[in-house]
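Only one chain is given next, in structure tokens, and it is the form predicted on its own.
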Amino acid sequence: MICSKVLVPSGVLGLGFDIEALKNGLNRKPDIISIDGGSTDSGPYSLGSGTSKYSRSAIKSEWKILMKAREEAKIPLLIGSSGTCGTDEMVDWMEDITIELAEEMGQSIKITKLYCEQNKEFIKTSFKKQKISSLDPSPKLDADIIHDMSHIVALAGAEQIQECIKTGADIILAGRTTDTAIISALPLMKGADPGGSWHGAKIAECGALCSNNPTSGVVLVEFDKSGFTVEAMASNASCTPESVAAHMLYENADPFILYEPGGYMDVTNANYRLEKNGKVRVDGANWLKSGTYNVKLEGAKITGYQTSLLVLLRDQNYVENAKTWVSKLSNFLKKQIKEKMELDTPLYSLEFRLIGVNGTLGELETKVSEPTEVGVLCIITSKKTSISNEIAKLINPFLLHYPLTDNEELPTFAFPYSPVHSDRGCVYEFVLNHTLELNHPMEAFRIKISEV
């Protein structure tokens, strides 16, 4: 007996999905539409700045389609990790978009917001009480570091999402959540197998990535008392036991274990069977409840200010000797900065990346090739934006004309734009990879309800 059906339109709002596949999913009478709104994939900037990675226009366009689908199906619409990072401001940002659309489409809706951002004093107190435990790798943590963080969020689990569902909301806008919580919450409420609920949620977290046509987006998961069945909704997509099982490897340190608030899932004994029409049936996962209730914390702080420059080398001699040229140039520039700005290297960093040679891996690159041209990306980081910009202006003429040897005429390289330096502003870093022990699941979370 099916306990609940969850329709997942895509791995993340803003990435797009197949409209026909969405219609196919709605025809299957799902109980809820659940979609993720973000992650830490693109680094700490979104959390540090409290902004969305995706454009507002893209979010609004896709959210409009899902709000229409919700209205047609008369079921809840749920998004987790609103605005990429899930800060309180991004939850309100999603609410603004939702209200705009409701007014444009003439919808009357009940909105429940789940706030996941953490008060610094609460985190400091929890740290002092040894309620915060480090994960691996473990960054240093103390009261001063907590104070310097621009934003701290706790990742909500199924329990917090369930409290939102219980409000009877038409639309749930959640702050930072685990990817799986927004899918597992309803099945768990409806009596589905706990292991199967978390396992099915993990498989469907990225939409059709568990199928042979990942860009189609939409999948439907049917949960019951012994497991789940997953099916891609696009006509040109299907799931296989291999594509489904493989998703346990995605963004997961252990292919058999997945930690969530309140426990962990073990799929060591899971079985994957191909059924008709590209469906895959899965059972055998176990859910093991922990003795304490812990949620993961994420935090970011400003680590400096950055300016970048880009110059292109095309002369064959310089292309072949790009590493030598950069090494010589780097030493020369540091002397110039010391002499003319009276700055030592601890006050700034100067990094070069050779695009087309080793721009991705740096010194770890083992593949040798002969590019036609090389892009030399110079990245300057300092504690003040004025310093990084001043360094960029100082080294500008040398990037344009610095010679490889002492006895040659000054070369001239190519700047792709003017001015060549780009002020990148704040640079953030993640400074929390920890868990927070809670006395009860809602201790670090807040719910707010409104009607439009």
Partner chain sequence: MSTLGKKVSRIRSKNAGPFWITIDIFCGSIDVYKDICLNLHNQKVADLLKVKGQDLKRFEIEKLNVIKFSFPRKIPQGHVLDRDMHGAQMAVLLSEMDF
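Positions refer to the first chain, counted from 1. The model shown is predicted, which means the values in this text are computed figures rather than measured ones.
Below, we refer to the form predicted in complex with the partner chain, which is not included among the displayed structures.
- Name the stretch: of 105 to 113, 120 to 128, 214 to 222, 365 to 373, exactly one has residues whose heavy atoms fall within 4.5 Å of the partner chain in the model of the complex. Selected stretch: 365 to 373.
- Thr345 near the partner chain in the model of the complex, any heavy atom under 4.5 Å? Thr345: no, not in contact with the partner chain in the model of the complex.
- Task: Indicate whether the partner chain has at least one heavy atom within 4.5 Å of a heavy atom of Asn252 in the model of the complex.
- Result: Output for Asn252 is yes: heavy atoms within 4.5 Å of the partner chain.
- Query: At the 4.5 Å heavy atom threshold, is Pro403 in contact with the partner chain in the model of the complex?
  - Reply: Judged by the heavy-atom cut-off of 4.5 Å, Pro403 is well away from the partner chain in the model of the complex.
- Task: May I ask you to state whether Gly43 is within 4.5 Å of the partner chain in the model of the complex, using heavy atom distances?
- Result: Residue-level check for Gly43: yes, a contact with the partner chain.
- Complete contact of Phe352, Thr360 and Asn433 with the partner chain in the model of the complex (any heavy atom, 4.5 Å): Contact check passed for all of Phe352, Thr360 and Asn433.
- Just give me the single entry in Thr303, Asn286, Thr229, Asn321 that has a non-hydrogen atom within 4.5 angstroms of the partner chain in the model of the complex. Of the candidates Thr303, Asn286, Thr229, Asn321, Thr303 is the one lying within 4.5 Å of the partner chain in the model of the complex.
- Query: Which of these residues, Ile97, Met149, Leu310, Ala270, gets a heavy atom within 4.5 Å of the partner chain in the model of the complex?
  - Reply: Spelling it out, the residue with a heavy atom inside the cut-off is Ala270.
- Task: Could you list which residues of 219 to 250 come within 4.5 Å of the partner chain in the model of the complex, counting heavy atoms only?
- Result: Counting only heavy atoms within 4.5 Å of the partner chain in the model of the complex, the contacting residues of 219 to 250 are Glu242, Ala245, Ala246, Leu249, Tyr250.
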